[in-house]
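The chain below stands alone, shown as structure tokens; this is the form predicted on its own.
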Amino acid sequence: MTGAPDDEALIRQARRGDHEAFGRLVERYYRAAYASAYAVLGNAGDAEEIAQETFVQVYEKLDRLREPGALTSWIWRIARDSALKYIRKNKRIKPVGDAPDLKLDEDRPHEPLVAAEDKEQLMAALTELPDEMREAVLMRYWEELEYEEMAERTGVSATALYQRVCRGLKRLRETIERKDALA
């Protein structure tokens, strides 16, 4: 049977120094690294830089990967952790003008509360959420991941992620309502 080598084979080849095999891994998973960084940073240029840095770390640490089946989650976590370190180091806050468009689930009861809000106001409120809540909300509504996919990436249970999203949406609504009342 011919076709693309599976991740495990590419990992083995890359561990033996096959740069082409590692390049294929980068091609397959660059988008996941970029999306993870962007979900934290909200800035395309910074996310690009972090995604590239992620694969430098992946290359250097590839021998430490115990479960080849966990490659996607491992890359995603490296990108996320690198993005969070970048924010702490540079004291960067997600710029409102470069924020992702959130796609909201029409079957959710909170839809009218969030969809009616101005994007700038929403993104400003997002920056006030704790990292874990903001990350969960962005994975769910920007990346449009299901809770099980989110759990695979983060290693956090789907139930806990659902609670983070619900609490995050509630806090977003409260923050926006509070700021509207002050205006």
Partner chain sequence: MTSNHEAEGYDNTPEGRELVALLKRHAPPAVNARAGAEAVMKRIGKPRGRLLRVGTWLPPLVGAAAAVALAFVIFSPKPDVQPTTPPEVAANKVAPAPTQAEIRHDRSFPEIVALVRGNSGDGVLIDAGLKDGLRVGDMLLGSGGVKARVTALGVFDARVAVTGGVPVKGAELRTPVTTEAQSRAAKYADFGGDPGAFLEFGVLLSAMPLSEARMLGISDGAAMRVDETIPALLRDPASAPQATLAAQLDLRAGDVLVEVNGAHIGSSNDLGNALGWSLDPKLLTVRILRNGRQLDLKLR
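Computed from a prediction, not measured in an experiment: that's the story for all the values here. Between two forms, the rigid core is defined as the largest C-alpha subset superposing within 1.5 Å. Numbering follows the first chain given and starts at 1.
Only in words, not in the display: the form predicted in complex with the partner chain, which the text now covers.
Chemist: Taking 4.5 angstroms as the cut-off for heavy atoms, does residue 158 touch the partner chain in the model of the complex?
Modeler: No.
Chemist: With the partner left out of view, is residue 154 within 4.5 angstroms of the partner chain in the model of the complex by any non-hydrogen atom?
Modeler: Judged by the heavy-atom cut-off of 4.5 Å, residue 154 is well away from the partner chain in the model of the complex.
Chemist: In the model of the complex, is there a heavy atom of the partner chain that lies within 4.5 Å of any heavy atom of residue 12, even though the partner is absent here?
Modeler: Heavy-atom contact with the partner chain at 4.5 Å: absent for residue 12.
Chemist: Might residue 52 be said to contact the partner chain in the model of the complex, defining contact as any heavy atom within 4.5 Å?
Modeler: Yes - in the model of the complex, heavy atoms of residue 52 and the partner chain come within 4.5 Å of each other.
Chemist: Taking the partner chain as it sits in the model of the complex, which residues of 13-33 have a non-hydrogen atom within 4.5 Å of it? Please list them.
Modeler: Counting only heavy atoms within 4.5 Å of the partner chain in the model of the complex, the contacting residues of 13-33 are 19, 20, 22, 23, 24, 26, 27, 30, 31.
Chemist: Taking the rigid core as the reference frame, tell me whether residue 171 has a CA displacement of 2 angstroms or more between the shown form and the other one.
Modeler: Yes, residue 171 moves 2 Å or more.
Chemist: Compare the position of the CA of residue 44 between the shown form and the other one after a rigid core fit and state whether the shift reaches 2 Å.
Modeler: Comparing the forms between the shown form and the other one, which are aligned on their rigid core, residue 44 does not shift its C-alpha by 2 Å or more.
Chemist: Quick check on residue 69: with the core superposed, does its CA move 2 angstroms or more between the shown form and the other one?
Modeler: Shift of 2 Å or more: no.
Chemist: Residue 159 and residue 82: their C-alpha distance differs by 3 angstroms or more in the model of the complex. Do they come closer or move farther apart compared with the shown form?
Modeler: Farther, not closer.
Chemist: If the CA atoms of residue 143 and residue 40 move by 3 Å or more in the model of the complex, do they move toward each other or away, so closer or farther than here?
Modeler: Relative to the displayed form, residue 143 and residue 40 move farther apart in the model of the complex - a change of at least 3 Å between their C-alphas.
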